[in-house]
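Next up: the same protein chain in two forms, each one alone, written as structure tokens (structure 1, then structure 2).
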Structure 1
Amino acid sequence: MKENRAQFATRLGVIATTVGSAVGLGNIWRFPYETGVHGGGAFLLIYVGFIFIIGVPVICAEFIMGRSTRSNIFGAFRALHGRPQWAWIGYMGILASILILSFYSVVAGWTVEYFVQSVTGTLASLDAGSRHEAFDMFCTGWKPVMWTLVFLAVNAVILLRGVKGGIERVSNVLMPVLFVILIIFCINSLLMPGASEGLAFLFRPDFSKVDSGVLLGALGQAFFSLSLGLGTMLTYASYFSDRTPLVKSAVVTSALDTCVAVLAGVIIFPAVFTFGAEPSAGPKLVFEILPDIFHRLPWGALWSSLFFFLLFLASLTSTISMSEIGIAFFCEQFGLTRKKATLLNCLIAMVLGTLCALSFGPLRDMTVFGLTVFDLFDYVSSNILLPLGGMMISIFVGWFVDRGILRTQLRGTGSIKEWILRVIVFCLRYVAPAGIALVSLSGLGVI
């Protein structure tokens, strides 16, 4: 079985696919909305700290598990330790992947709607007030269900084409274009009258706003944005070649992912203050602000069509990676064909995604702990399942995996400085588990 697994063709392919998984709605939609809700600058600083102190070592841990075993999260735990009690982390990862796929597809569906409205000129024909009203009407209706299902179907079709063909080609072309267009939008936002206020909100930390909720939010966002703690990076690493440098790939992926999030912040917040919007508006924030931004630009409809198309593709490379977890599991553990496993995964997400899509309208009163289905799926996966999964993965790799395996994997076919290895092991043994435990327990109100 090991020999038959596909491998990514090139080094660039590796970076493009891991970045393709990491960069998506998490950066462009979720990051600005979480930053807005949690008060700006201090949240950003803490978030970046978590990315590099906890995120990078945990990505390395997932990479080590994936490449050394060439297996999915279940097989990896079994191959490295052989005891069944670690299996629950795998189940948690699969649960997280399905919950995320469900609510993520709803937001991706909003992107599709905006793309269609941009192309047809509907978006450009409305003034700011009626645009917001129109978006509210759209969100609370049934149409998002249709787009969620369409999005999931497209996702399934691409997955059916296999690892190299589907995933690599899409991400290789997409990423650089997205970067360029984000930079253009940044410049546009920096020229707005609210630029200095927006930048101050984003970059000037106000620590009086920091409480345990802000810390947990930043930790959850770090895990969500890096696609970490559920086995995505692990599954992708199982397709890496032996030459792929793991630490470098982890650092490059995290750095690029953070850049995109910060760019998105620089695009959104100057506009928020220019147009007098509320930074803490929540999940709808970015979708209400972006059309106002495009409206100011010459050839606005063209820019917005291009942007929403790219965002749609960026979402796809992320959903493809989260679907891989369930699919690899159904295939390798239950012996289903890839086709059947893909369809099963897609079907489950379609049912749950429909509930999420309706939770802004018809199902808005269906709540658990005061959260709608959409918010519940988001909260449970990002703030509980992913950090917990990441904590267990770092404990496992730090304490239970043979140091020789760690060294061989991190070194690859090149070399690695001894101190880098030590720092990573130290983070995996102590820093990441203790940090995640403290932040999670206090954020959840346990301590």
Structure 2
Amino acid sequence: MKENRAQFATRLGVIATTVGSAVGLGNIWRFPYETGVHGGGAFLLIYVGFIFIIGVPVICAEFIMGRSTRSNIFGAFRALHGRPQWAWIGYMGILASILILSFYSVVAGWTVEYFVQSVTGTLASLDAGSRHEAFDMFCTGWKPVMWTLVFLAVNAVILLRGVKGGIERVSNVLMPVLFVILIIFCINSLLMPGASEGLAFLFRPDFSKVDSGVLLGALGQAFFSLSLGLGTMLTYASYFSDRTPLVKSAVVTSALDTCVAVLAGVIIFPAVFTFGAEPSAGPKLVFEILPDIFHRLPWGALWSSLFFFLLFLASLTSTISMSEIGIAFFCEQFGLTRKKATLLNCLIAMVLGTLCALSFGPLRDMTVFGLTVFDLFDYVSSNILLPLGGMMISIFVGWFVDRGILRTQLRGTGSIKEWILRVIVFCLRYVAPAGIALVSLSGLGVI
């Protein structure tokens, strides 16, 4: 154990930071439209099942690696196994975190723009037909670059304050605020005329709609929702105290992450059915259809402003954890101070994020294999690096890490029943690698 390594100060800090890392646009933006596209309740039920048979074990694996080594993702692989090829999995995680941070921050910048437009009333002045055109004009201009850089600068300010004073303190504030806003929205949605239809769509499973596409969609959503394969949970676990119960923390993190996704569905589907929108509208549901719905409500500008502020908070907690992967690596492998490591990581993301933001406009003709910079970063990270990283972490901990280390870390200062350990190891050895392989093959278009 590295005695001078920072640690989270409280149990609340552990939960707030890990849940904040998991909760992001995948919960509030991606989950509702994935549920809508795949038919509602059956998708939700299958998604929850995958969260607990794949998500929890892989989170436990990352927790074990992080706390047992007190190191970044590269150092953790190197410390737990002598063969150098395993350490290259750490490089994959670092590369994936930088690529995702770059294009994710562009989308986060869109939420900032829509928040500003909601507050100023600009969004309310547009009719439904104009919103699509306005969104396209915004994306193809230079304003997304400005908001991307602003968003990354906010990340840097928080991260410069360190683990306790920055990450933990901000997470302790932002996560309760996020849940309060979610609950306020849920109450409003449940009072809408279409609430019963929306809830029936979300919670009443129709298994006749279940096919391979639904299964793969639920599996992919479960994997990406928890930010697995990046090393975010591993990095945060390296700041856990020895008293932190890893299995319980993994279950609570997964449960709260799922809760946020379900609450997002409770917010969106009653509104969709009340105003006759299509639940299967896809990604444009958030930036084109929901603004139209909000502005049909009393105090529409308020609801729109709160919603895009909610997206901003979810984006911020996720990108803070993504940034910490690279910062910990630069500090520990190259001996940089935290300030220099944070600025370096932020600068890299700003340069790459600018290219991603411009790929919808001035740089849209700059392509690699027919993909713009934004699409390339998304494709490589989502379909190759994340699934491969998650699979290798599962295999590494399930097959190559000493069982005594697993037992010691999962037990912590208490005890753990042997059957729980066996279930986790079985899932890491067989279930998670097979499931993640299916996610990757589906993303690559092989199946």
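Superpose the two forms; the largest set of C-alphas matching within 1.5 Å is the rigid core. Note that this is a predicted model, so its numbers are computed, not measured. Residues are numbered by position in structure 1's sequence, first residue being 1.
K.L.:
Where's the form predicted on its own, in 1 or in 2?
P.N.:
It is structure 2; that copy is the form predicted on its own.
K.L.:
Once you line up the core, how about Thr35: does its CA shift reach 2 Å between structure 1 and structure 2?
P.N.:
Comparing forms between structure 1 and structure 2, the Thr35 CA shifts at least 2 Å.
K.L.:
After the core is matched up, is the C-alpha of Ile46 off by 2 Å or more between structure 1 and structure 2?
P.N.:
Yes.
K.L.:
If the two forms are fitted on the core, does Phe223 show a Cα displacement reaching 2 angstroms between structure 1 and structure 2?
P.N.:
Yes, shifts by 2 Å or more.
K.L.:
Check the Cα of Trp299 between structure 1 and structure 2 on a core superposition and give its shift in Å.
P.N.:
Displacement of the alpha carbon, after core fit: 3.1 Å.
K.L.:
For Ser212, tell me the Cα shift between structure 1 and structure 2 once the rigid core is superposed, in Å to one decimal.
P.N.:
For Ser212, the alpha-carbon shift amounts to 6.4 Å.
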